[in-house]
Structure formats: C-alpha cells, structure tokens
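In the block that follows, a single chain appears as structure tokens, in the form predicted on its own.
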Amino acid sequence: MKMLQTNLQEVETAADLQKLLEENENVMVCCGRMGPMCIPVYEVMEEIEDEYTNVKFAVMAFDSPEAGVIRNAPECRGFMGLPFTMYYKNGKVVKATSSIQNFKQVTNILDENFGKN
C-alpha cells in the first residue's frame, strides 16, 4: 500500500531500500510526507525521471518505522526539515540534503554525483 501519493517508486522497507541500492548504481531517495516541503521535491523527481535514465528515483514515507535507515543515518544527523533526501552511488551515500530543494539544486547534485546521461 502506497503511503505517498506520487508517481514514483515507493520504498516500503529497509530491505526494499537495500535491494534498490544493490540493483542500481545511482539512486535518489526522498524520505518525507505529503506536505508543503516535500511535494515540490517529489514533483522535481517526477519531472526529471525520464531525463536521468541513469538514476533510479524513489520515495519513502518518513513516518514509517522502516524509514529509520534514512532518518538515523549519520549523514542526516542534525537535519531538521523534511524531506531527508539521500543520493547513493554504488550503495554508498554521496550526498544528503534536508528541507525543500528546487529543480536546479536537485539537478546540480545529480550532475555532480552521477553525471549527465
């Protein structure tokens, strides 16, 4: 059952996240809620998903107990605002952001860490 109303793949468990990371070199996971700080990030992800075919985009419900793998990650220590967004390359975190991110901020991070298609 999807907790977040997006057109993106939803990761429900820590095991699902691990599988996603093992199967994809470049992954962006936005961990949030259906709220004003998170929805713009989901919209950016939906908008660029077809353009960045080398990146797997997914969302995870922040309030799910399973999201502890992101909420409690050392890269997120000190984060205050939702969503927590993690960028993984070969299963390792290469960047983590908190709070709202706009189109340019997201694409800059993707280009910097995963390159252009």
Partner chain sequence: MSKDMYDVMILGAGAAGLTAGIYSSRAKLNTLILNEGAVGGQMVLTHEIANYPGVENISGYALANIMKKQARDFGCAIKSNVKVSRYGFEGNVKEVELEDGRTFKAKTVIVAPGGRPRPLGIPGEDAFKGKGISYCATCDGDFFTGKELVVVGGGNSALEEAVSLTKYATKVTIVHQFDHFQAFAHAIKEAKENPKISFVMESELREVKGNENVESVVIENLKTGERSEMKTDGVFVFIGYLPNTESLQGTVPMNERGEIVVDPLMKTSIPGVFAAGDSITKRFRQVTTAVADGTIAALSAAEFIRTSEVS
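The model shown is predicted, which means the values in this text are computed figures rather than measured ones. Positions refer to the first chain, counted from 1.
Just so you know, the form predicted together with the partner chain exists too; it's not on screen, but the next bit is about it.
Checking 14, 94, 100, 109 for any heavy atom within 4.5 Å of the partner chain in the predicted complex turns up a single hit: 100. In terms of contact with the partner chain in the predicted complex, the residue from 58, 55, 67, 44 that brings a heavy atom within 4.5 Å is 44.
Using a 4.5 Å cutoff between non-hydrogen atoms, residue 104 counts as a contact of the partner chain in the predicted complex.
Shown alone here, residue 73 lies farther than 4.5 Å from the partner chain in the predicted complex, counting heavy atoms only. Using a 4.5 angstroms threshold between heavy atoms, residue 84 counts as touching the partner chain in the predicted complex. Among heavy atoms of residue 89, none comes within 4.5 Å of the partner chain in the predicted complex. Shown here without the partner chain, the chain has 33, 34, 35, 36, 37, 39 in 16-39 lying with a heavy atom within 4.5 Å of that partner in the predicted complex.
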